[in-house]
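The data below hold one chain only, encoded as C-alpha cells and taken in the form predicted on its own.
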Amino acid sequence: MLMQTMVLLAMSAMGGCAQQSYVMLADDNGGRGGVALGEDGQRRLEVTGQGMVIAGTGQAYAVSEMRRKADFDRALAAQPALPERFTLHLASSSALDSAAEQLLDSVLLAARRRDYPVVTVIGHTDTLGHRAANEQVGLRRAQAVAELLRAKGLEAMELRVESHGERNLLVATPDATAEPRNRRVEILVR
C-alpha cells in the first residue's frame, strides 16, 4: 500500500527575516512522496523534515523540531481521525462466531471514539450466480450486519448500507467461481 506523505504549509519568520511562507514534508508513518515547487517543478522536496520557502529560488533546508512544533502542531492536532476499516468474513452458517462478535464490538468502539461517526456497511459476494442476484445477496448481508450493529447499540450520525455484489472481489476469480474469501461484509467507520 502506498502511504501518503503529508505536506505542511506555514508562514514563519525565519532567521529574523520578514515573514515567508514555506512548505515542509512531514514524516507520516514512513510514507513516500514529495512536492515540486515552481512553474516547471525544478525545486523539489523529497526528504521528510525538510522545508523550502515557496517564493524565490531557495534550496531545501532542515526544519528544526522546535520550528515544526511552533508552526504545525495546532494544525496537526485538528486533523480528523483516519477512517477505520473492518472486514467480516461470513461462515456458511448465519451464526456469528466469537471472532465476528469481537469485530462488531471493535466497530462499536471505533464509532464511539468519534464525535460524529459515519458508518458504511458494504456487502460482497463471490461470482457464483447471476450478477443481479449477487447484488441482492450482498445487500442482504450488509443489512443483516447493520441490524446487528444497531442491536448492539451503534450510535452513528449516519449509517449507510450498500452492496458491491461481485464487483469488488477480494480474490480475483473467473465468473461462476465459489470463493469464500469474497463473501464478506466490510465496515468503514469515519
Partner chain sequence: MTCFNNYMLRAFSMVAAVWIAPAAAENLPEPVGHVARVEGAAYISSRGYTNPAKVGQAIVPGVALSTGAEGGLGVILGDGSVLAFGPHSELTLDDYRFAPASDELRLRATLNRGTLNLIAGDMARLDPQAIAVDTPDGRIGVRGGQVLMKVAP
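Since we're looking at a predicted model, the values are computed, not measured. Numbering follows the first chain given and starts at 1. Between two forms, the rigid core is defined as the largest C-alpha subset superposing within 1.5 Å.
One more form of this protein should be noted, the form predicted in complex with its partner chain, which is absent from this view; the next part is about it.
Using a 4.5 angstroms limit between non-hydrogen atoms, G58 is distant from its partner chain in the predicted complex. Interface membership of A26, defined by any non-hydrogen atom within 4.5 Å of its partner chain in the predicted complex, is confirmed. Using a 4.5 angstroms threshold between heavy atoms, Q79 counts as touching its partner chain in the predicted complex.
Residue contact check for H89: none of its heavy atoms lie within 4.5 Å of its partner chain in the predicted complex.
The partner is absent here, but in the predicted complex a heavy atom of R32, alone among H130, R140, R150, R32, sits within 4.5 Å of its partner chain. In terms of contact with its partner chain in the predicted complex, the residue from A144, L37, L154, V161 that brings a heavy atom within 4.5 Å is L37. If you check its partner chain in the predicted complex, you find a heavy atom from every one of I54, R68 and L169 within 4.5 Å. Here D71 counts as shifted, since its C-alpha moves by at least 2 Å between the shown form and the other one after the core is aligned. Relative to the superposed core, H164 undergoes a C-alpha shift smaller than 2 Å between the shown form and the other one.
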